[in-house]
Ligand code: BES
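One chain is shown next in structure tokens, namely the form predicted alone.
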């Protein structure tokens, strides 16, 4: 898809549709009036226009009846909000409505701003949200609809450089969504490793892969334990982008990629278990981040680590009551085999610290408790470093991928201590998101800045929404890429 800018008159440009973004104030203000007289006259003559307030998330689609060149016009309200996530939703909602309003689909689209324009990142992400569909395994539709392939931005538009950067990140998001939506019979840990190999070749990243044999040799007991019940053996993947000076300490991003999670012997209820193909979304986000980092040619050293396994209740599966040796040499007492993500991450965090990183950020669909706490509105952020916390929160504000901090107080850390091992892998239902992070924190040396993002409520959506299709969201790709770009 091509996104370009133009100083031309939007009402006289040959397009399939035109969007005008405005606020409740701008409807009667000089920026709106000066935008284009023919547009203003068209909107004023349209009876439905009187019901359009310009408030946040309001959209009105109008046929132009030949009064301007584009046959369809959408007014998008963003109201008083300064939240980029709200702006993205509003614009994406309008694009989806325009696509549905056109029998053949929208191939070319113009976007104009009555007042302050949206950021390049907000525009690129809104377009991706609105147009994305996972159709790899779907039969071809009998209805021929043209895909959106050209977008022109009018009036006070972002720079070409910012648009190029935003387009790189948007492509990485789409790439991650495609991978995360893959079904578990087609996307195993070995397939993930092959995809990492393909990405490394394409983006000139350095790659290492630990297969089952190498995992045993090097002592990755946590990853091996979680994966041992499956016919599909686990993998550990390392990708390196070396954009900084030689020897510069890397920034490390770590992801949990359980390609399917039955819960193991502590098996999950069957209802919606099919969605556990999304338990790989933390690791997939790492692939998306490394894709974006390389495409942006960030002048830093970044290492991506992915701990991948399939959690199955086979005859060789690990059991409640088992004591698992980890890469750190410390043992984990297993009380629930469905708390497997923290076990594979313990190995990944231990390995990451051997790289003497400047900072580490891990991402995981770790706890259902996070959804109970936050719903599907934000991810949980837990960290041992205030500066790292503030950096991630700043990136959250810029991208609209929301996070909210939770504590790692000593009282919570006491709850994961085991009577027979170093830690136990669950402390029960109360404070489940925090105690899961405390388990991870037990494997982190305090001298290394570390943050954990529990993305369980944000990694996918189970229903079609006005601004996007159901399925994987690739949450975390934009957030962490932005954080890395500002280091």
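Residue numbers count along the first chain shown, from 1. Computed from a predicted model, the values in this text were never measured in an experiment.
This next part talks about the form predicted together with the ligand, which is not shown.
- Contact annotation: of the candidates 95, 173, 352, 366, the single residue with a non-hydrogen atom within 4.5 angstroms of the ligand in the predicted bound form is 366.
- With the partner omitted here, the residue from 317, 205, 276, 324 that has a non-hydrogen atom within 4.5 angstroms of the ligand in the predicted bound form is 276.
- Residues with any non-hydrogen atom within 4.5 angstroms of the ligand in the predicted bound form fall in just one of 282-290, 111-119, 256-264, 296-304: 256-264.
- In the predicted bound form, none of the heavy atoms of residue 434 sits within 4.5 Å of a heavy atom of the ligand.
- Looking at residue 342, you'd find a heavy atom of it within 4.5 angstroms of the ligand in the predicted bound form.
- Taking non-hydrogen atoms only, residue 162 never approaches the ligand to within 4.5 angstroms in the predicted bound form.
- Contact between residue 394 and the ligand in the predicted bound form is not found at the 4.5 Å heavy atom cutoff.
- Scanning 309-338 for heavy atoms within 4.5 Å of the ligand in the predicted bound form gives 336, 338 in sequence order.
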